[in-house]
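Next up: just one chain, as structure tokens, the form predicted on its own.
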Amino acid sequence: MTLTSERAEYRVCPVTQFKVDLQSEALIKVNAVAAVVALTIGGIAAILIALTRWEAVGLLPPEWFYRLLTVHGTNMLIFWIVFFEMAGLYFGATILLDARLPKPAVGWLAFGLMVVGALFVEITALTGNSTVMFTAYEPLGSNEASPLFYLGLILFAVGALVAVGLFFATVVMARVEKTYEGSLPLVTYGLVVAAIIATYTLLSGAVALVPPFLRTIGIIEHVDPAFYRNFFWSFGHPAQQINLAAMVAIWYAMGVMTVGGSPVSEKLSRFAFILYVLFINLGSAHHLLVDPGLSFGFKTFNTSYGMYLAVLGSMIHAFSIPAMLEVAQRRRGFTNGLFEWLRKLPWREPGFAALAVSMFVFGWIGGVTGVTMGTEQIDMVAHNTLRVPGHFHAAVVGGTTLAFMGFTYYVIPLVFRKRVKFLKLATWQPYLFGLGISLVAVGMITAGIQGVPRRTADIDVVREVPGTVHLSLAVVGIGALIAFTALCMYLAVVLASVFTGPRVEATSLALVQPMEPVPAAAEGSHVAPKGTFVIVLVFLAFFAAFYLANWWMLGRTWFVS
């Protein structure tokens, strides 16, 4: 059903009953498609890189290894994630708020800038004119990279910043026009937090990237490496914190979509998001812990005491989301023992599978290793080893990417209005992807603990290689093959559904395993999430054991007789 007003054309979604601005819907579609294209390019580069690091295969020569490392980093850490986040911002600002997009032309301008910028980077990286990897550290960056490489990143950042500005304008206009009542929905609230972090991040990126660009075209003669590293990591690391806030917002959304749950305390969840705004970017300093010129106090406060307040925010979400699932299940009658509710969750539903596996890989591998390596003393031995990419593959790929994949399965029927095809593939894909990325992350972490460096085509640079290193790198390669297979499954489902799936109006959020509605809670009733409490205690025990084990390994690094 399509309706027309003086200001906008929209349809009414038969599932959610929300109005859908057709211009916003078109922008959601094109940004989502661009994101999937970037994911495909980055995924192909990933499997080639992994099969090169696997010593028994050694697929590529060093020249192509470093070239594809640049392609992989920019596509996976920037283009795939940010394009998808832009689609999420339009979804959260218009559909969830029943609002119109105030200036659609601005959204199309932003998308055009992002596409042109991404193309500049892709072309210069693939042709070998900018083999400088994701970080493009000075003076390597402006000595070796094409001006189009920096111009592309700048255009992409400007386009994303314009889209973020449009998102804020839409949220404000929705409030003025009273298209919703009360506070912002929690999902939109989380996306506002992501957009606030994005504003700081993108502005920092401009400060970092403009001087190298000016040097490549001869306007300035020198860029201070320390200045560049400081501001680059005000862009490079917070870019992943945008992912974190958006990922958590999607976790809450999928908890509602798949189980019908609601947060046990919205106020507490909102407070956790505020902690992200105030403290999450302090973690950027852990990339600078080996840099001279920064004081011990600065490094310690930013990577430990201050950052732990952001970790508190994540711990709140780590309790709140499973708790909302448990409460919904117990109200359905699954009350036997501590974990009947857990067994009866819709494990065959693709979105729920992605939610559960994403939370597990992000928390138990990505989160634990990230906080541990963010401690200054431990980072001194972990820095620039494979432990670092092991951590962020668990966090960004196993966490954010898998969450976005799961959300895509609902975007297809709700926004593209196409039936999801190959549902069996979609059901198994999150589990297979999570398994593959877990093996990649664990293999990298164990290889890094044994001293294997990151950003190298082979391990010849390591003088004494323990025999177990080859086993760890083999685990990375096998995990990459499994994850790439799951990526192909995801692409098959998405492409077949979008381009060949029958056009239908969705009638339910459930794709495979419909759930009974949650009975309305009686006034004054309270359901205690006892099982979640036990799970959190087990997680904290694991966290403490891992953290202390790293201090024990640090103590054995320099043996004094």
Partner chain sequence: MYPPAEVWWRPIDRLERSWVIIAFVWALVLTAMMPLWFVVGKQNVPVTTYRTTPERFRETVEAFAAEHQVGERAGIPVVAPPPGGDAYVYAQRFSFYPILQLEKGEEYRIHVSSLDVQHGFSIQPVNLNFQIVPTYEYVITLTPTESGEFQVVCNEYCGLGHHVMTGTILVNE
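Everything quoted here is computed from the prediction, not taken from an experiment. Positions refer to the first chain, counted from 1.
The same protein also exists as the form predicted together with the partner chain; that form is not shown, yet it is the one meant from here on.
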Exercise. Looking at the partner chain in the predicted complex, is some heavy atom of each of P14, I280 and P502 within 4.5 Å of it?
Worked result: no
Exercise. Ok, K421, H470, R417, R229: which has a heavy atom sitting within 4.5 Å of the partner chain in the predicted complex?
Worked result: R229
For this session: Scan V371, A486, V361, M114 and let me know which has any heavy atom within 4.5 Å of the partner chain in the predicted complex.
Result: V371
Problem set entry | Among 511-519, 491-499, 63-71, 34-42, the region lying within 4.5 Å of the partner chain in the predicted complex by heavy atom distance | 63-71
Exercise. Does at least one non-hydrogen atom of T199 fall within 4.5 angstroms of the partner chain in the predicted complex?
Worked result: no
Exercise. Would E340 sit within 4.5 Å of the partner chain in the predicted complex, counting heavy atoms only?
Worked result: no
Exercise. Could you tell me if E221 has a non-hydrogen atom within 4.5 Å of the partner chain in the predicted complex?
Worked result: no
For this session: Indicate whether K530 is a 4.5 Å heavy atom neighbour of the partner chain in the predicted complex.
Result: yes
For this session: Taking the partner chain as it sits in the predicted complex, which residues of 236-267 have a non-hydrogen atom within 4.5 Å of it? Please list them.
Result: A253, V256, M257, V264, S265, E266, K267
